[in-house]
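Presented below, as C-alpha cells, is a lone chain in the form predicted alone.
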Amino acid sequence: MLNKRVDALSRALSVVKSGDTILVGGFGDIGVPLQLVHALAELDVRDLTLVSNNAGTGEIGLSRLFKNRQVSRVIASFPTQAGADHFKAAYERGEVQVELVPQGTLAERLRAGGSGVAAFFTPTAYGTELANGKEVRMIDGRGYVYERAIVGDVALVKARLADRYGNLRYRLASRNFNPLMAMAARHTIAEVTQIVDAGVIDPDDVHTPGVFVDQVVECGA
C-alpha cells in the first residue's frame, strides 16, 4: 500500500492549477482545512471554481481566496453571512459568479459525484427561482428538479486522525461535508491533526477509507 504522507503543504498543493474546481470541506469555520486553504492562497492560481457550504469570514480561510481574486465561480449554500466581506466585495465587483444550492441538494450532488451517479431528480427547490433554467419533471403528481452531480478536480478536507495509508477519522461535527468531498474529487488532500500508525484507527472508526485520499499532511491542532 502507498504511503500517502506528505511533509509540506506546498508540495501537496502542487497538483492545483488555474481553472480547477476545488471542493473545500467545512460548515462555517468548523471542519475547514484552514492551513491547506491558506497555503492555496499563496499559490499563483486563478479562475478557480470553489464548492463549499460557506465562503469564509474575516481574514481567514476561504476569505483569503476572494481577497486575492483567485475565485471566479462559487457553488455554495450559504456564501453570504456576517463577516463574509471579501466574498461580497468580489461579487459586487462582478468578479465571481454564484450558484446557490440548497444544503441538502449540495450534499447529494457531492454524494452522487463520489458514487458515479451522473444526476438525479429532487423535489427541493421546485417552483422557486433556484429551479430556473433547470429541467423539471412531474413524478407521481409531484414536481422535481434535475440536478447534476458535482465532481471536483481537487478536494481539501480536514480530519482529526489519519494513518499513512490515508484512512481518516473526523472529530464530531467537523465531519460535515468532508467525507462527501473526499469521495467526489479526482484528487483529495487531507489536512490532519495527527498521523498515527496503521491499525491505530479501528476499522469501524474509519470515516473515509484511504482509497479516496491521495495525500495526507500533518498540521497539528
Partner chain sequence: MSKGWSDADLAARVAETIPNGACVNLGIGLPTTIVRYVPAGREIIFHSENGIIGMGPDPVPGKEDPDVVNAGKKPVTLIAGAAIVHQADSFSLIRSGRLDYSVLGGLQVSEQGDLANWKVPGTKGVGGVGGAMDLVAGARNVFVMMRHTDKNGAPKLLKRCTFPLTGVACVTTVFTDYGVFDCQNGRFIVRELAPGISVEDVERATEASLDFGQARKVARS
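Numbering follows the first chain given and starts at 1. Source: prediction; values computed, not measured.
Keep in mind the form predicted in complex with the partner chain is missing from the figure; the text below concerns it.
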| item | value |
| --- | --- |
| Distance check, N54 to the partner chain in the model of the complex, heavy atom within 4.5 Å | yes |
| Non-hydrogen atom contact N176 with the partner chain in the model of the complex at 4.5 angstroms | yes |
| E129: touches the partner chain in the model of the complex, heavy atom cutoff 4.5 angstroms | yes |
| Contact of V71 with the partner chain in the model of the complex (heavy atom, 4.5 Å) | no |
| T21, A39 and G133 all contacting the partner chain in the model of the complex, non-hydrogen atom within 4.5 Å | no |
| Residues from 133-165 in contact with the partner chain (non-hydrogen atom within 4.5 Å) in the model of the complex | R142, D163, R164, Y165 |
